[in-house]
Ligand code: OGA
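First, one chain by itself in structure tokens, the form predicted alone.
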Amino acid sequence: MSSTVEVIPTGAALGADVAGFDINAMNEADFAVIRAAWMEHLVLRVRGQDFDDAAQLAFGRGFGPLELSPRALLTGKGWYPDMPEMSRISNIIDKDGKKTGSLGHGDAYWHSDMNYLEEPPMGSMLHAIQATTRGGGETRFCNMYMALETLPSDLRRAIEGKTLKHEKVHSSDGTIWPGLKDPGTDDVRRIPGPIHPMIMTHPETGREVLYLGRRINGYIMGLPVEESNELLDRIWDHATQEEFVWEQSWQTGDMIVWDNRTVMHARNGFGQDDERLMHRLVLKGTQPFYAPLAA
């Protein structure tokens, strides 16, 4: 069986459109082409197709098992009882003044999804059910392969073999996750979270990649706190340079699929009264590891 999938690179440091197929009628050949494009371009966009939650779930499962949404993991109750894997990302407020989704309308800082898990997701897919109409809300992605490859030699030496603790209390917009409490300490060494290698080996490509997770309360194990903060600030400044970035301007119906192991992403804020609704799935991952390349 052959595939009709077209892969159209963005021309930026990462990203490609995938077209020429019907997401409602996928076959193995289509998935093979799309997965290969995903490994090469790190972020894929599906645009101009009409599909529902069931099709998004089926498409996600074509990549692998799905993780529960953060809300379901943390509270035992997801946004949708019949779809515990689906996150509702929205700034819409209901008639009683209650939030109907997570992350609201403000900026979301650079991060990789759910890095606070021992086995962070391998990928994420975000479907725009309703995009903003007055601008804002763009999602930026940065290439962490490229960030590592261009890392100044002194910074590379400084993090070689180092591990980073990933705080598990705050979301990417700085708010505290439902069901969790502020750790109540100014000492990042005492804040809970899993520990992952700063340089990890991609389990599919075998390539080395910089893995930072998110900046809030990150701590390089074994270093004095001041030294850790200074080093992390320098690395974050390097990794998020514009030359490593591609920006997605959302249209209703767009779906973006990204490799959570090789990119970070951030969101521009938008108006609270400009309603937006996104449905997100994350793909189960594995424990990050580092296997140094042979000399």
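Please read all numbers here as calculations on a predicted model, not as lab measurements. So that there is no doubt, residue numbering starts at 1 and follows the sequence shown.
One more form of this protein should be noted, the form predicted together with N-oxalylglycine (OGA), which is absent from this view; the next part is about it.
Contact residue in the predicted complex, chosen from 191, 212, 126, 144 - any heavy atom within 4.5 Å of N-oxalylglycine (OGA) | Spelling it out, the residue with a heavy atom inside the cut-off is 126.
Only one of 200, 103, 122, 220 comes within 4.5 Å of N-oxalylglycine (OGA) in the predicted complex by heavy atoms, so just point that one out.
-> By the 4.5 Å heavy-atom cutoff, the listed residue in contact is 103.
Using the partner position in the predicted complex, report whether residue 89 sits within 4.5 Å of N-oxalylglycine (OGA), counting heavy atoms only.
-> It does: once N-oxalylglycine (OGA) is placed as it appears in the predicted complex, residue 89 has a heavy atom within 4.5 Å of it.
Touches N-oxalylglycine (OGA) in the predicted complex: residue 113 (any heavy atom, 4.5 Å) | It does: once N-oxalylglycine (OGA) is placed as it appears in the predicted complex, residue 113 has a heavy atom within 4.5 Å of it.
Within a 4.5 Å heavy atom cut-off, is residue 41 in contact with N-oxalylglycine (OGA) in the predicted complex?
-> Looking in the predicted complex, residue contacts with N-oxalylglycine (OGA) do not include residue 41, since no heavy atom lies within 4.5 Å.
Mark residue 265 yes when one of its heavy atoms lies within 4.5 Å of a heavy atom of N-oxalylglycine (OGA) in the predicted complex, and no otherwise.
-> Residue 265 belongs to the contact set for N-oxalylglycine (OGA).
Want to guess which of 203-211, 105-113, 78-86, 159-167 is within 4.5 Å of N-oxalylglycine (OGA) in the predicted complex, heavy atoms only?
-> Looking at the partner contacts, the answer comes out as 105-113.
Report yes if all three of 3, 35 and 59 come within 4.5 Å of N-oxalylglycine (OGA) in the predicted complex by some heavy atom, otherwise no.
-> Contact check failed for every one of 3, 35 and 59.
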